[in-house]
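To begin, one chain is listed below as structure tokens, in the form predicted on its own.
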């Protein structure tokens, strides 16, 4: 049986010994093709959970596994390589470089190990077009609306064909129509890619299909809450 892309095993997290646990005994398996929404009140640790899944934070206790292998003890270079090759991130803030065009921002992850090819450029243009930005490829972030900047960030996350997309409130700056379009794209673009979305939007959560709820440090299927 193929190992899952990512797995959390009894993950616990707190930021100092004097603070309460943000996560308590979280278990989560993410396999190819999964579509997961994580919901919960503000401050419940959803963004922390996503950062641990993406190897941006280390758990205080517990294991983060990639393809069945424990990532504890990996060098930062090794962790960065996993993030580059396996994971696409969409953060609450778009983090676009202001002096680069939309197209150049989308291509940034490709520059990590090679010069973008014509195929890379064509894919970037296609992603922007699918996100309704076909006429904005040459625009700087300052010339785009907040929703358009967020859609550029989504295209950037997809450019390297990741195995897993981790998205933190990706539709927060979008109107309902654009939200539906973006979620549909994430769901449909690659049936083998896993998608994990942290959201406060019930419609977005329902569109993903499988909903988990994080409350008081515990992650459980939403139908148990």
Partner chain sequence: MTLREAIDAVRFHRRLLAPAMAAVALAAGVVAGGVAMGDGLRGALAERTAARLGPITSAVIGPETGFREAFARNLAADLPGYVVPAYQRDGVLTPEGGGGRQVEVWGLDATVSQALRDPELLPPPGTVRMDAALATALKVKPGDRLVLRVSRPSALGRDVALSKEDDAIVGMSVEVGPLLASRWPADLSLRAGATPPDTVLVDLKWLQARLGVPSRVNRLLAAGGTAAHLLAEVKEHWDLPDVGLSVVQGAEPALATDRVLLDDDVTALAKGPGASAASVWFVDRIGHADLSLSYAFIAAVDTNDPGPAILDLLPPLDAGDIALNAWAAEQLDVRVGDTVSVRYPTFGSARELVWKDTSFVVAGIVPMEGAAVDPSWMPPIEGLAGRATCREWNPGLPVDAGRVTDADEAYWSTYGGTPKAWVSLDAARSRWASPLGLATTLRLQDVHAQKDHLAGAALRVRDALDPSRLGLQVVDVSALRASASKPANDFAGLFAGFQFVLLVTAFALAAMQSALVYERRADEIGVMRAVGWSSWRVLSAIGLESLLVIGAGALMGVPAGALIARGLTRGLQSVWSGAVAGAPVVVVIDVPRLLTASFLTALVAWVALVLMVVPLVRRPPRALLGGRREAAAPRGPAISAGVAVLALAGAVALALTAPRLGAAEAFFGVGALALVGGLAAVDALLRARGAPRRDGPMGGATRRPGRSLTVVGALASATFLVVGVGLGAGRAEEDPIVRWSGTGGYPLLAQTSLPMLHAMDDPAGAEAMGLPKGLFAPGSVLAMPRVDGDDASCRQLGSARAPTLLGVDPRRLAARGSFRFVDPPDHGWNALTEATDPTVIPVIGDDATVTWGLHLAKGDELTWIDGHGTSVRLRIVGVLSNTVLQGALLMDKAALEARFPGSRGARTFLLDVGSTQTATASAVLDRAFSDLGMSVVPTAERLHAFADVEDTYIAIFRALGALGLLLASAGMGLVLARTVEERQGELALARAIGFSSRTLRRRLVMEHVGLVALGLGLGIVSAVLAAWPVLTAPNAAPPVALLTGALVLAVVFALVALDRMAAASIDQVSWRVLARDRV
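Keep in mind it's a predicted model, so treat the numbers as computed, not measured. Positions refer to the first chain, counted from 1.
Not on display, but discussed next: the form predicted together with its partner chain.
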Heavy atom of residue 76 within 4.5 Å of its partner chain in the predicted complex: yes
Spell out, yes or no, whether the shortest heavy atom distance between residue 14 and its partner chain in the predicted complex is within 4.5 Å. yes
When the contact criterion is heavy atoms within 4.5 Å, does residue 56 count as touching its partner chain in the predicted complex? yes
Answer yes if any heavy atom of residue 122 is within 4.5 Å of a heavy atom of its partner chain in the predicted complex; otherwise answer no. no
Okay, which stretch from 191-199, 43-51, 63-71, 23-31 lines its partner chain in the predicted complex, with non-hydrogen atoms inside 4.5 Å? 43-51
Only counting heavy atoms and a 4.5 Å limit, does any residue of 93-129 reach its partner chain in the predicted complex, and if so which ones? 93, 95, 97, 98, 99, 100, 104, 108, 109, 111, 112, 113, 114, 115
